[in-house]
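What follows is a single chain, given as structure tokens, in the form predicted on its own.
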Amino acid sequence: MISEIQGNIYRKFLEKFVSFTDEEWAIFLPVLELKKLKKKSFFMEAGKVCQEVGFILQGTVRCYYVKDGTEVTTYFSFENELISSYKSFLTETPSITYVEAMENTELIVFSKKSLQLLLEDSRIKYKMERFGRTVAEYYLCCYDDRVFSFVTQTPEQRYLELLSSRSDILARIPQHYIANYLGITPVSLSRIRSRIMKPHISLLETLQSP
């Protein structure tokens, strides 16, 4: 069961897409569900049709696909972010991606069935149409940002950008997954980290010298 505090967190997040009146929220809230994933369990698996969109209250997930037997990480998602295999959700076709919990993760989810029911409810259907459209735009922007970074940035620049947006990522995501996301080997990531840390270490040594 979703608590009032959890519901309010989700409602505030959704305001970037659409604002619900108290009456509309009272219609939407009952279709939401609380889901808990243990570390290494899946929100979505390739080959299955995605039936849900989740909002992370607590935890971290990794999105990836498998090419020639090798996992290719496409995204990490953290608290206050949406997760889904959205193309599969929209088209009702099998997903090509896995969505895996990196930590014990707690989410608020709504299902495709619930969305369809609300789209038929005259009291809220127009809001839900806008909601569905803006969520699609959210995923399109995420994909566009990902493609842009690979075309225009070096792995080191992508790594620095990742650190600036998620300073806690090193404590939460194993290094080999971060390297996979950046499209480099763990050894290359170690070299990048050494280059980044060297000026800071030199400065610290200077400050500590008598």
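All residue numbers refer to positions in the sequence shown, first residue = 1. All figures in this text were calculated on a predicted structure; none of them were measured in a lab.
A second form of this protein, the form predicted together with the DNA, is not displayed here; the remarks below concern that form.
Scanning Val53, Met44, Ile56, Ile184 against the DNA in the predicted bound form with a 4.5 Å heavy atom cut-off leaves one residue, Ile184. Proximity of Pro174 to the DNA in the predicted bound form falls within the 4.5 Å heavy atom cutoff.
Though the partner is left out of this view, Ser194 does reach within 4.5 Å of the DNA in the predicted bound form, counting heavy atoms only. Proximity of Lys39 to the DNA in the predicted bound form falls within the 4.5 Å heavy atom cutoff.
Contact with the DNA in the predicted bound form, defined as any heavy atom within 4.5 Å, is confined among 161 to 169, 29 to 37, 139 to 147, 174 to 182 to 174 to 182.
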